[in-house]
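Okay, here we've got a single chain as structure tokens, the form predicted on its own, with questions on binding and movement later.
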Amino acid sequence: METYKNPAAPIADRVEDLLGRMTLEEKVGQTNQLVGVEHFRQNLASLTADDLFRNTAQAIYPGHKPEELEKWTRQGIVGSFLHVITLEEANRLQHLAMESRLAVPLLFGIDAIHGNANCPDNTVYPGNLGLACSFNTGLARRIARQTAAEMRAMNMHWTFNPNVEVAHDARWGRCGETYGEDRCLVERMGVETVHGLQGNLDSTADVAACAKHFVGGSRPDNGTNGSPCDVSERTLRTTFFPPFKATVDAGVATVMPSHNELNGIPCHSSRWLMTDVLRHEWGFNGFVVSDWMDIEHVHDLHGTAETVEDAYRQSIMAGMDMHMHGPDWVDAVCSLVKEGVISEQRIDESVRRILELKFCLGLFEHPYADPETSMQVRLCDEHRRTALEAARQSIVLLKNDGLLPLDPNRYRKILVTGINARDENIMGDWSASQRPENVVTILEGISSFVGDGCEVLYVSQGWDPRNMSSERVTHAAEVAREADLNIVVAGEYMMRWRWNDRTCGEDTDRSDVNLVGLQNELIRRVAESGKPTILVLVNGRPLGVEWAASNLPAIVEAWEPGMYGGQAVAEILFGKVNPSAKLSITIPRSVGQIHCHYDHKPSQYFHPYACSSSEPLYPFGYGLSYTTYSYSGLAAEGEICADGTGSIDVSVDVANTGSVDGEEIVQLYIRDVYSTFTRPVKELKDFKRVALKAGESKRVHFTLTPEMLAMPDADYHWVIEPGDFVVMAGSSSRDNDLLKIKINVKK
């Protein structure tokens, strides 16, 4: 038996044996990814070559036929596929790969961002931005583990998640993919997601994770996906790098560079990012995969390579291992090797990394998934329960003037209206259309809670906010006068199968953060009825709903709550669930406040805005409950020295002073009073979810370590400077919500 076929042999030996048997073309083939055959076939009728330049969701390969992809797979010159969304196609393509000379299995990648939701008949959990509002890292890990199980049940092995970019621009359509604006929260949620997805990366229960997008795409110059990012190295190292380094330390298998150029160099050709930082500084030993045609964009968009072939050379020599996606890569890269432009040894480095992952995932022994048992895993009861629990913990109560929770027996007529009232858009971006019986809309959720004597009056506003009807708005306003209570379900539209109609999501960026279309008019006219009006938001980015915040008695931020979002929203509205979520991202009043993240520098608001408030609409870490909490007795015991030794126990008493059991998210912040380089006015360093029964009090402890106080020096080495620090603990990042105490770091 060949060594590479022997499951008892060490993986390193198997890799070297297989690598030694491969032709140059087979090696380069392992570094290339293609879109699925059925994806290609379905798009042939609608896409043209001119459509492809800006399209990042659909693909064809002009001049080629779907059958050629199958031929290349049989020849063993394809390493991976993406956009394969059925088990049947994955197994069929894997069968073709098994017919190749060396029978190297395929690696199937999928955008399983919040569950394997991009494929039909899978559990759809809340989007990352909403999930981060739970501040529940254990829940993130559990969701990732369940996602891995559903992926492997469909013969899928690799997800392009977690997105550990730190989101600083609400105009950016991909905010919902991230875990928000704070480095600490993003880092913690991202690391637990990696652990949940990958396990030990040694069994058929595991999938490979991908930390993306490295780096700067979440702070685009004009708010649009892929636009330039120009920030200092200090900002990179203090804000944007740490979550990526944390995932590398956690063993993430793959990393994806960002679409954008960073400080004048496209990330896809940046040796500094992919080799100097990622591999040499951080010790990353997985493989780097490009994003959608972004190596080609080094040539045809950024203009830093005169030819596509030179873009390939630049990217490979900078540290790229796998190309997403296209048929021209193999011939071009083989030619570059034969011409001596790229060494075969450099190609071998990438192939080793890719083959090692395939061996770790058990693909050589288990290349297929079983159709007979697939649905025993996907959408199983346990996963459904987790999706509902996550939705409950992700929904933020932004405002409540005493209207909530609702008494289901109090109202005779309840109006429900708005674009997201009866639409599966609640599942969010990166979701395929799911069977209606697997999605609970908000209208369905509300209808299930009202008493027998209550009538729910639904007025449709369609699903498309850009094309709302003034007649439907008027009709809703008329019905509102008849109702006892009005619920408007507004927000964004994210469904990918209507790509050109979306207002939020990948490559769907905005020049403002207002509600699109007639939604504000709908809210105002319904509220003018004089009846209590509740606003429920479904969206993947912060929205500046300033009028509603000033004029409505209650606002609920549901984000992209997933398949059971309607049930979770209704449970919160009617008080079955006490809301506990806190904002993972600041909500600005208007687009003029961007960038308004809480951890700004001291001088940012030295001169306030004229004619409007400098305060955000709702700050990071903020969220209401149906009970009240009080904080007292903040104390710090212990000592930290500038040499990196010691620790401090920070403790605070938290009491549930209301009449309802609840869970409070206790947040710990620090501020360096004086430092060599400017530091933020506050930095989140830890958090805990604390369950408190009505009237109960607990003392909550945090351990403050030297690393939590560190900052980069002039040479970007992390150091702890002696002097005073302010330690803060409380219910949000807002100053009024925090207790403060001073500590001193000794020399």
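When you see a residue number, it is the position in the sequence shown, counting from 1. Note that the coordinates shown come from a computational prediction; the quantities given were computed from them, not determined experimentally.
Keep in mind that the form predicted in complex with a small molecule is missing from the display, and what follows is about it.
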Name the stretch: of 330-338, 254-262, 121-129, 275-283, exactly one has residues whose heavy atoms fall within 4.5 Å of the small molecule in the predicted bound form.
254-262
Does the trio H83, H213 and E506 actually contact the small molecule in the predicted bound form, every residue with a heavy atom within 4.5 Å?
yes
My question is simply whether W292 lines the interface with the small molecule in the predicted bound form - judged by any non-hydrogen atom within 4.5 Å.
yes
Consider Q42 of the chain shown here, and say whether it contacts the small molecule in the predicted bound form, taking contact as heavy atoms within 4.5 Å.
no
4.5 Å heavy atom contact, S697 and the small molecule in the predicted bound form:
no
Exercise: D111 in contact with the small molecule in the predicted bound form, heavy atom 4.5 Å:
yes
As a check of understanding, the residue in H157, R174, K582, H323 with any heavy atom within 4.5 Å of the small molecule in the predicted bound form should be identified as R174
Of F135, Y312, Y179, W430, the only residue with a heavy atom within 4.5 Å of the small molecule in the predicted bound form is W430
